[in-house]
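Presented below, as structure tokens, is a lone chain in the form predicted alone.
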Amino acid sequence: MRDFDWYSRGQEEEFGEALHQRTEELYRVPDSIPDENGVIECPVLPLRDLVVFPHMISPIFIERESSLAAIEEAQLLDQTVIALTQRDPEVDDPNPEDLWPIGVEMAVGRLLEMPDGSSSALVQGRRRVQVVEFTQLHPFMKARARVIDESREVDRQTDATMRTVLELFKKCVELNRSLPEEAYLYALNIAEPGWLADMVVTTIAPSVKERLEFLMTVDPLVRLNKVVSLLAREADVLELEDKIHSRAQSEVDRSQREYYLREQMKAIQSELGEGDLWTQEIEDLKARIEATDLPPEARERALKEVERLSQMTPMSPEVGILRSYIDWILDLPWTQQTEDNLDVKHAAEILEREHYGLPKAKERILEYIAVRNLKPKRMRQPILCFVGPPGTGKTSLGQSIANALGRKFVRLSLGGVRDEAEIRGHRRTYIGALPGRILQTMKRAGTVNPLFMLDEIDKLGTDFRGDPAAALLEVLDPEQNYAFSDHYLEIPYDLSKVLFITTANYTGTIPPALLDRMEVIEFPGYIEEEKLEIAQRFLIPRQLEENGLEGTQIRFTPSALTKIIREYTYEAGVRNLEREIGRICRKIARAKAEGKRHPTLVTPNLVEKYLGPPQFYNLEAERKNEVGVATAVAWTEYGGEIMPVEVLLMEGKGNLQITGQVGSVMQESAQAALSYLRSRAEDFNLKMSLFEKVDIHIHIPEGSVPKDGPSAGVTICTALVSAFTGREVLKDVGMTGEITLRGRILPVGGIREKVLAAHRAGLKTVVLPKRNMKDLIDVPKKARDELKIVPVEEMDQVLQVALSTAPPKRKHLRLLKRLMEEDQEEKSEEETTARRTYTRRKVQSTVTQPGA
């Protein structure tokens, strides 16, 4: 009924007449007459991937000899055949178990020979049948089958379902161009429900599996309900296809309309003599490329992109992307550079004038300038990393270096950067893609040899978007950065002439591979005398100028500055010091603006009047010699600090508790210190049983601040010995060092910051590991002269320096004395009990002896 492609175009009339004749032949074949049990016996025709429904006419192709013999037998006897679908279409010689049990009785028309040697024929389905038994297998199969009678009654439910089928079928015919309208008209004239269902399924042609399911469904109403589901699904798919087709067609129509309008616009511009503006813009871009001094690879890429641009229409969405890319190539500095000022004396004068102290950093920059002076063509630039607490002048020194060299200064803050694309840029496939911050900053610099400061490199983050620190490996490697590759630009860019300087507060968070590429220069915290000099030279003049007091005779006395440093700031740098000086200057500026009398000399009394009560106190004045309290000097990423360690003994069961938000390393140091004390219990006149009756609580104040590291081991051990012996720890002694189980003192880090912190806090003596004495070379001479620095190798040496020689405090020994007396009484009672038990057993053994 559907696709008959056996004839060539132009032979419709002949085919129509031949088809009519062959259909008439099918109708003349009578149905097989069933016996009294409703069973017919016919040849069996196995079908591959084909399902024939009753009343339907369909072409079939015959390739097997057995199938051809079955058809010839049926035609010879003017008989129908039973069509059974194979379970597996790949089986060439099917057996009865390879066939589905329900099939269709059908009439087979005249056989036609095909060009490939096979035969074809038209078949018409008659009735559903179910195989009862096979009566013959060779040379072809023959079977007895029971005719399945279908109900032809149309009740209200069946009628409603048939109408639903017709409505959905009409919708499918309207949406599917391959379905003829005659199919719907044919369906309208079918009155039997089963016939209607079979006709719709044959027309829609679902998968073989679904057609088999319909064939096996005997009840017409059930079959109609399944047809409703099939048609609804088919209608949804056809509606979606129609929407897609309509949308695609509208896009094509719009593009054609835009093209037509553009052509009209070109014609109008040509008539008005305005010329083609788009062509003129392309020519201007080519002229800019020719006038710009670009490397060969960049020039070739720019011209290639301009050529692509010229082939596009101005309204194309890709025009903006290509234009931005070309502009970036033209705006980046490729060869423009400034000439370095290589006068070493001039550079030294600028650095000394703008910064006080920092000898290591200044010396390294002057060495660089001197080498460049002797070898101007030296291409390799140093990668410096300034490491130190906040406010020590790292960023401002970079600006001074740029001034000394005569280079442009650009700064890029890396704090909080978590996306690798921030460094390398985005691919041009992304909407709104841009180069990374490195090339953006180079464009802002305008030269290929600026001083490029990467600020806060230790604050880089890492997440699912990549590791920006890994992207910096190429930027900060002199062996690679001459051909830096940005994802957006995709052209090698030369960064070898850039002088990179990075800053960090702490190197612990910088990946080792990145840290290895940089030359680390440490910026230590300032001592009090350095802060006084910096305030007089730089901070006070700047704050006077910023607050409108320049030209006045306002001065700060040294004692006033010392009071601000000691009682209102506590830092390694000078940022808070400048902030407090600014507060005083603003109050004076307000009085001057209001026409009131204002002071010209800032004294300590005036400092307290303007700044309020002191925020920090002299630790030496508020502390005293105490039992169980020792002072450690610690190092943080913001400089050195002093850290008291407290030990308290309580009656208990030998537990050790350490508080103050300490890390695992410090907890292990406390365990090691306690083990050392227990191993030396006899030397300190302590009994081992005492440790089982005392709970030890070690506390590090400022509990909200995390603390960790092994350098507090010496301090914890000193506080423990003091608590158990009752000897006071001297208040003006600070100490650091790692302790072993045998009492040896191992070296630690951050010696310069720790010594400066002790000096700042007013301590008099600092106990250091002997192997750390070499690190004192970095400590300012004034701090070394005013502090008594004691090198130690054993814990006994620390105790000699840190513990007071005065007699032990009795009130601190009451608990220990009582516990030891109780322990002695318990031992005496145990000895008495043991002696009595022994005597009793001796007497009993004597009485029981023979002859007693």
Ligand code: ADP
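Note that this is a predicted model, so its numbers are computed, not measured. All residue numbers refer to positions in the sequence shown, first residue = 1.
Form predicted in complex with the named molecule: not shown, discussed below.
- For the options 750, 644, 125, 393, the one in contact with the named molecule in the predicted bound form, meaning a heavy atom within 4.5 Å, is 393.
- With the partner omitted from this view, the residue of 534, 672, 584, 629 that lies near the named molecule in the predicted bound form is 534 [heavy atom within 4.5 Å].
- Note that among 424 to 432, 673 to 681, 84 to 92, 354 to 362, the stretch whose heavy atoms approach the named molecule to within 4.5 Å in the predicted bound form is 354 to 362.
- Taking non-hydrogen atoms only, residue 724 never approaches the named molecule to within 4.5 angstroms in the predicted bound form.
- Mapping the unseen interface onto this chain, residue 610 falls outside it, with no heavy atom inside 4.5 Å of the named molecule in the predicted bound form.
- Contact between residue 578 and the named molecule in the predicted bound form is found at the 4.5 Å heavy atom cutoff.
- Taking non-hydrogen atoms only, residue 389 approaches the named molecule to within 4.5 angstroms in the predicted bound form.
- Contacts between 520 to 550 and the named molecule, taken as any heavy atom within 4.5 Å in the predicted bound form, involve 526, 534, 538, 539, 542.
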